[in-house]
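First, one chain by itself: the form predicted on its own, in structure tokens.
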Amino acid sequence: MSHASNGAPTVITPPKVAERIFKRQGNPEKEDYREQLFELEAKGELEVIRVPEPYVEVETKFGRKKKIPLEHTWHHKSCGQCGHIPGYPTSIFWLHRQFGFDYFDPKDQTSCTAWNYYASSTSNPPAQASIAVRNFSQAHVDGYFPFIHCGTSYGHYKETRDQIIHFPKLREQVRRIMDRLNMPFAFPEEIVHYSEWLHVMRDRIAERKVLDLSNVTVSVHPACHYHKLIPEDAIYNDDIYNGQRTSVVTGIAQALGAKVADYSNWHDCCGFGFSHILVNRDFSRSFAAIRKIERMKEEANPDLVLAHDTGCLTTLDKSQFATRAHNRKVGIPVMSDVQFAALAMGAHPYKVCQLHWHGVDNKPLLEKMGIDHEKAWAEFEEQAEKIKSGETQFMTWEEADA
């Protein structure tokens, strides 16, 4: 709290959303890392993994064209997705299957270890960079292009790319490790996040939607790891907030016909931070619920919060139960953009999107979306009983669509 000239305390409030004016700044990129990767390849220092066709070119923050592949993708999954929001990766795979796209779900991918690096500064640059290159090289050996599910991995790998380009000693250290692994030193032409694929697919997804979402209001939380780390690599579009915010997430919500409601502190972290969730969890929970969710509820009153990173999604969703116990103004369902898109195209809310893992009650939202959640839950329990009785060991994609 500050004080006015007469000494009286004043309360600082953010500007009203409707009063803000957006104007794209257009600062140029300082360097073209893609050209630098090809220069290193020409010198024999590494091999560049080309973006496979078919791909779509989109504009990044300062106008560079970025290639987003539609298929032939190697899916680098997220530690957090598998543990907290499992319906996140299954929705990505489900959408790929619906469009008949070729993709590869690897069994030998390692964690990027970035979360541990940000939280505790363990490991070291050669080890971190070698983990990234090993995963990329494995994708290349398998014949597919790396496709990153996790926002943390996405941001960290872009930092790693910068280090590999600019530090010859680091490249040599990584090369020695890759030689001992008997693997190539390969690096992708572009580092692609799944939400970028969802963005370029938004019109095709909208053509196949089976739900009317025109009465659903959403608020969007963009991930710090996506648009604040190496920000010039994020996708922007003049048609979305005049190019002043990344267009992923908002673009798919608009294409599906949902109302996107703005709120003043959209730029703030969800509370996950780069280390807070591990070293100061109370701070994360209070920031997520009080600073983010309560502000959204007060200014936008959405039916749903859409995010595109596991850390954001987990923090915003699972932090609400504690503050709800203190009668705070929380209780907004949270899901990923890809879960929302899959639901719109008719994916099963529990067999595919696995919404029963989420902490906030989403049944009122499902009813508003026109989804019979009681029928869907009975179908899910029937499938679960088959597994429990030993009739089947797991659920197939065909059963998920039944």
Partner chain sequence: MSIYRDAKYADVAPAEKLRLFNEVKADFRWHHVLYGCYECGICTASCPSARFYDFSPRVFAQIMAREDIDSFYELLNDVMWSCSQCFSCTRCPRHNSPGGIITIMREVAVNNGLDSAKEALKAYSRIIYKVMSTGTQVAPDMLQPDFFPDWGPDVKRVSENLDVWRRAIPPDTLHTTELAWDVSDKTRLQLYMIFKLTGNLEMIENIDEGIYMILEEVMESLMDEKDLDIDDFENILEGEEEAEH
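Positions refer to the first chain, counted from 1. Only a predicted model underlies this, so the values are computations on that prediction, with no experimental measurement involved.
As for the form predicted together with its partner chain, it is not shown, yet the points below apply to it.
Asks: If we define contact as a non-hydrogen atom of the residue within 4.5 angstroms of the partner, is Thr250 a contact of its partner chain in the predicted complex?
Replies: No, Thr250 stays farther than 4.5 Å from its partner chain in the predicted complex.
Asks: So in the predicted complex, does any heavy atom of Thr113 sit within 4.5 Å of its partner chain?
Replies: Taking the distances in the predicted complex, the answer for Thr113 is yes, it comes within 4.5 Å of its partner chain.
Asks: Give a yes/no on whether His308 approaches its partner chain to within 4.5 Å in the predicted complex, heavy atoms considered.
Replies: Heavy-atom contact with its partner chain at 4.5 Å: absent for His308.
Asks: So in the predicted complex, does any heavy atom of His267 sit within 4.5 Å of its partner chain?
Replies: Yes - in the predicted complex, heavy atoms of His267 and its partner chain come within 4.5 Å of each other.
Asks: Any chance Gln254, Ala261 and His348 all have a heavy atom within 4.5 Å of its partner chain in the predicted complex?
Replies: No residue of the spot touches its partner chain in the predicted complex.
Asks: So its partner chain isn't shown here. In the predicted complex, which residue out of Glu207, Asp105, Asp239, Asp212 has a non-hydrogen atom within 4.5 Å of it?
Replies: Partner contact (heavy atom, 4.5 Å) among the options: Asp105.
Asks: Sort through Pro302, Pro188, Pro222, Pro89 and report the residue having a heavy atom within 4.5 Å of its partner chain in the predicted complex.
Replies: The residue in contact is Pro89.
Asks: So which of 65-73, 372-380, 46-54, 334-342 is the stretch with heavy atoms within 4.5 Å of its partner chain in the predicted complex?
Replies: It is 372-380 that comes within 4.5 Å of the partner.
Asks: Judged by heavy atom distances of 4.5 Å or less, which residues of 347-378 approach its partner chain in the predicted complex?
Replies: Going through 347-378 in order - heavy atoms within 4.5 Å of its partner chain in the predicted complex - the hits are Lys351, Gln354, His356, Trp357, His358, Gly359, Trp377.
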